[in-house]
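A single chain, nothing else alongside it, follows as structure tokens in the form predicted alone.
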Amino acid sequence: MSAHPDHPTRPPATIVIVGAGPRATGLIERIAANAPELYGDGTPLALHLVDPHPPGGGRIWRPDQSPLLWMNSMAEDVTIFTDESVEREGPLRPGPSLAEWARQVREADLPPELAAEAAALTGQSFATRRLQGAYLRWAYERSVAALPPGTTVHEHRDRAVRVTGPRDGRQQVWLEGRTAPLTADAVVLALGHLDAEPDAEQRALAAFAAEHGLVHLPPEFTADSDLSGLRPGEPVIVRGLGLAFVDLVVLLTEGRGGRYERAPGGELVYRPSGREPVLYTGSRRGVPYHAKIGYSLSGERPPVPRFFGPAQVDALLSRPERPDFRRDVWPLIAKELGFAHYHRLFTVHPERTAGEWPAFEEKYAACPPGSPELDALVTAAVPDPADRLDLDALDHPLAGLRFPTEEALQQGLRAHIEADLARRHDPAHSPDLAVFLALLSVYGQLIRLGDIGGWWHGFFSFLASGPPGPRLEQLLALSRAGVIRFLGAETVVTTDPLRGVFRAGSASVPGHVVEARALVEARLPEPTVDHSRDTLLRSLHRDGAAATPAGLLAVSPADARILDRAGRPHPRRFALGPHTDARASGAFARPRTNAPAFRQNDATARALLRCLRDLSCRASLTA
């Protein structure tokens, strides 16, 4: 594939990008945008993309997956292009959101089923993953076309297994099954989400399943799981209530011929096909992720960052010791989230407050994070406890609750989901949306702190990255139909060698235990270096690349260069994505939110182009 066929006799400067999904697409867009300023010497450029899946959407957004699988963001909240909110050195190159693209795309450019979906899509629709894949493919092709004259793009439907080469010389990227490597002046890992080897617990569960002829599905991408062993009518224990769980439910219900109808009173009813198993599902929290908020912000956006912004992160980074998340970081985050919540409450719903916002803001700013003084201020200024932000209660919604029977738990969980759906679609609770926007701001700041452990990412996903509201309405229908049975909070799974079954119970219904011959871990694998099944990532670590205490690949926060164990950034190797300690919340983002991934893409693209421009970086070009 050739962007521009100029300068055929001059040896090109070469970048190998391992991974061709949305993160690679965003990086290519930034290379094209920054090249006129930073790469104008006329030397041709060659990009090699290595990925067994199609460029643009990559593995997760590939076209050959079930049309029943949706995105969990509204179409107007999805873009892969920078806008004026993004802090960057490079030029702004605006592009359409998913919703805007769907209005512009010509019917002839899409397969018939996707053309029909695009024509019906609104800004508030939740698109299928296949349609998002088509948008990403279009963005990829547009970005390639914008690359400078002399650029060639080579797509390799292969797996990269190793990178070799000296720090001060060209790099070799070895592909599976090939004897000659790709040679590059710089290498970027944009690997996306990766499979993982099972940990000790999963190995033990798998061995037990093999010994007793049971079914055990470890943490993996649900769209790739073999669900054929989950038999109709039989109980299945499911651990996890996040997005992987939602995908599992979709594939085992509608995917097996079930359907939904509206009852005369408007309630959604599930009509089983008879091929569904019975899903007994629980997790640490015991409840599904919060539904996506179903209304738009009106009026002033919360003025964040205020208490957790660049100055506070600078102060944390200046300390001689590594900041402790719970002690040093979380109190600042909690104060930031509270500030957004109460700003919205005072300015949009003043009838539910006592006093005026300027006076409250001044006192709020003066109170230490997490202090009794702060609690007292909020108690006095916000009369109704339901209007106060309680982050602990949000994180542990079933804490301390005990249900007398398993059926009482089902009724309690359905009431919880119904209340969540009502709240997330009611602008009277718009402080929730302000907190959501503050969460995005916090996530953008946390990138600079590197590896902060896994709790925050789970908390963020639970509050801000849940399923579309219609999916929770479907869960309610499935619960009423008996296809889903909730287990409760602090779910524990054990094995029973005498009976040859898996067992599960929870703190929510003491003494109640279910048995099943199938266990599904409905969650994604942890993106760690040591447990990754990616041969390239493991070999890099073995050859000296650093990993954080949580097992993520360590990279420079400034430009995503891979660090060695002495903390030195590699001059020619870069990495972006969830396997790194500078992981952003996604390869695409909500418009006008200063998305961290877009900032990273711009900084990395500029570092790459400066590297290629530097004669010392290509001194051995013909070696």
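One-based numbering along the sequence shown. The structure presented is a predicted model; accordingly, all values stated were derived computationally and were not measured.
Unshown form predicted together with a small molecule; subsequent notes refer to it.
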Per-stretch contact check against the small molecule in the model of the complex, the hit in 486-494, 92-100, 183-191, 437-445 (non-hydrogen atom, 4.5 angstroms):
183-191
Given that the small molecule is left out here, which of 432, 420, 534, 521 has a heavy atom within 4.5 Å of it in the model of the complex?
534
State the residue from 578, 591, 596, 44 whose non-hydrogen atoms include one within 4.5 Å of the small molecule in the model of the complex.
578
Is residue 60 part of the interface with the small molecule in the model of the complex - any heavy atom within 4.5 Å?
yes
In the model of the complex, does residue 221 have a heavy atom within 4.5 Å of the small molecule?
yes
Proximity of residue 159 to the small molecule in the model of the complex, heavy atoms at 4.5 Å:
yes
Would residue 53 sit within 4.5 Å of the small molecule in the model of the complex, counting heavy atoms only?
yes
